[in-house]
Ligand SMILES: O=P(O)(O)O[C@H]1O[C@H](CO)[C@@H](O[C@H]2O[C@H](CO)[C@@H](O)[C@H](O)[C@H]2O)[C@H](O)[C@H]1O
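First, one chain by itself in C-alpha cells, the form predicted alone.
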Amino acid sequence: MTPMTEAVTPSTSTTLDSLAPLLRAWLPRQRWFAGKGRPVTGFTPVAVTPLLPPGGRLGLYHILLRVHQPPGRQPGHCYQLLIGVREALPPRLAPALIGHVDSGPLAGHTVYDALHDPRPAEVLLEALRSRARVGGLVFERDPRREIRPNLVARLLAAEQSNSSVVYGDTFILKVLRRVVPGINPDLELPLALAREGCPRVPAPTAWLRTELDGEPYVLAVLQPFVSGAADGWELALRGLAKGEDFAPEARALGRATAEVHTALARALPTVTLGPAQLGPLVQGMTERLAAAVQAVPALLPYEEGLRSAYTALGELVAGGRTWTAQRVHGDLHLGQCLRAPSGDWSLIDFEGEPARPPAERRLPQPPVRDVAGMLRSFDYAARSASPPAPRWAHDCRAAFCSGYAEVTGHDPRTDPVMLRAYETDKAVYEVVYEARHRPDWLPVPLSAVRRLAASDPN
C-alpha cells in the first residue's frame, strides 16, 4: 500500500498547488468543513489519485488533503475531496463550482465537487462493484452481496458532516469528508451487527479504504438504501406540527434501539466498569462542565445544580456500584433513525461524535449513553415546535424507555443517577455547540439545563 510520504508525486503536487487558491476560498463554505471561523493558512497533500485520466472531456481526482489553520499547534484536519475537471461546467453543476484554474497542468479548466455529477459518482460505484485498486485506494465489497452496474447516481441535498450519494434508490454511499486514522465504527459496528443478523441496521455492501503511514483509513461505506424511509427528526417535526401523538413511534424506536444494543452485546465484548474506569468518567464530565461555564456564562447560575448530577454519580461509584459497558451507537438522536414505509425503524451513522478520537469512540460505554442522547433529541424536537410542546417530549421520553424495557427487561429510568449524569453531560455539550454555531437555538438546551440542575430533574 502506498504510504503517505510517497503518495504525492511532483506532477500531482503541482496540480494541487494550482488548486490551492481556489480550495482556500471554497472549503470554509462547505457544511462539512470543521474549521469555520478560522482562516486557511496552508495545505499539505496526503495523497492525490487520478480516478479518470486527465486530458479527456472529464477528469476526476481523489484527494486527501491536510488543511492548516491557526493557532497551528496541532496537525491540520485531513479532508477527502473528489475533484472533477471539465473545460466548462454545464449549468446543472453550477452549485458544485470550485473555480477556474489559471496555472499548472489544469490551466484553463474548471474544477468542481465531483459528487454533484452523476458520471464521477458512478465511477466510484463501478470501482466498488469490481473491487478495484487504484494507487493506494482499495475498493472492497462483501462477496455475498451484488452491485448491479449502471445505477444512476444523485447527491443527497441534506449535507451534514459527510456527503451521501444514492444510486438508483438501491444503495447509498456515505463519503467521509474529514477522515481520521484507525478502525472506523461506522463500518465496524454495522459489519458486526450484520454477522448477528440484526435487521435494524443496513448491512455494509462495500467500502473504500486506504492505508497511510501504516494506519488504516475508512473513506466511504456503501449500504442498502431504505427507499421511501422517513428521517426520525423530520417525522417528529411533522407530527408536532399536526398535533399528532408520536408516543407509539417513540416506543417502537425504543425497541429498535434495545435490539441494536442487545445484538452489539452479543457480537462484541462487554466489560464491567468499576471505580478505576468510572472515576475518570465522572471527572471528565466535571471538567467539561467547568470549561463550558467559562465558554458560555449563561450556564453560571446552573453550575452548582449541574455538578450535583456528577457528584451523585461519584457517590455511587465510591460506594462500590458497578455498571456493564458495551459498544454503543455513540451519537444517537432522531436524525440518526429512519422509519421504513413498513413502519420498521433502522439506526444509521455509527461514526460516533466526529470531534472525538476514533480510539475513544470505540470504547465500551454504558448503553444509557445512547438512551440519554435520544431523550435529549425528543426535547429538542419539542422545543423547536411553535409553541414548544414539553408534554409531547415527556410522553415520548416515557414511551421510548418503555419500549426499550420491553426488549431488554431493564427500564433506563430505574437507573436515574447515571441517566441524569449522561443527560446533563449531553445538554452541557449542546449549550456550547449552540452558543458557537447557532445562537438562536441556545434556549433549547438551556431549558434542559434548568430542569437537570434542579434537585429533582423529573
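Each residue number is its position in the shown sequence, starting from 1. Note that the rigid core is defined as the largest set of C-alphas that superpose within 1.5 Å between two forms. The model shown is predicted, which means the values in this text are computed figures rather than measured ones.
Below, we turn to the form predicted together with the ligand, even though it does not appear here.
Arg450 falls outside the set of residues with a heavy atom inside 4.5 Å of the ligand in the predicted bound form. Contact annotation for His333: at least one heavy atom lies within 4.5 Å of the ligand in the predicted bound form. Looking at Thr270, you'd find every heavy atom of it more than 4.5 angstroms from the ligand in the predicted bound form. Contact check for Lys426: a non-hydrogen atom falls within 4.5 Å of the ligand in the predicted bound form. The three marked residues, Pro120, Glu122 and Trp207, fail to reach the ligand in the predicted bound form, with no heavy atom of any inside 4.5 Å.
Residue Ser377 is the only one of Asn184, Gln365, Gln80, Ser377 with a heavy atom lying within 4.5 Å of the ligand in the predicted bound form.
Checked against the ligand in the predicted bound form, the candidates Pro388, Pro354, Pro105, Gly305 yield a single residue with a heavy atom inside 4.5 Å, and that residue is Pro354.
Only one segment in the set 60 to 68, 401 to 409, 426 to 434, 38 to 46 has residues whose heavy atoms sit within 4.5 Å of the ligand in the predicted bound form; it is 426 to 434. Core-superposed comparison between this form and the one not shown: CA of Arg438 displaced by 2 Å or more.
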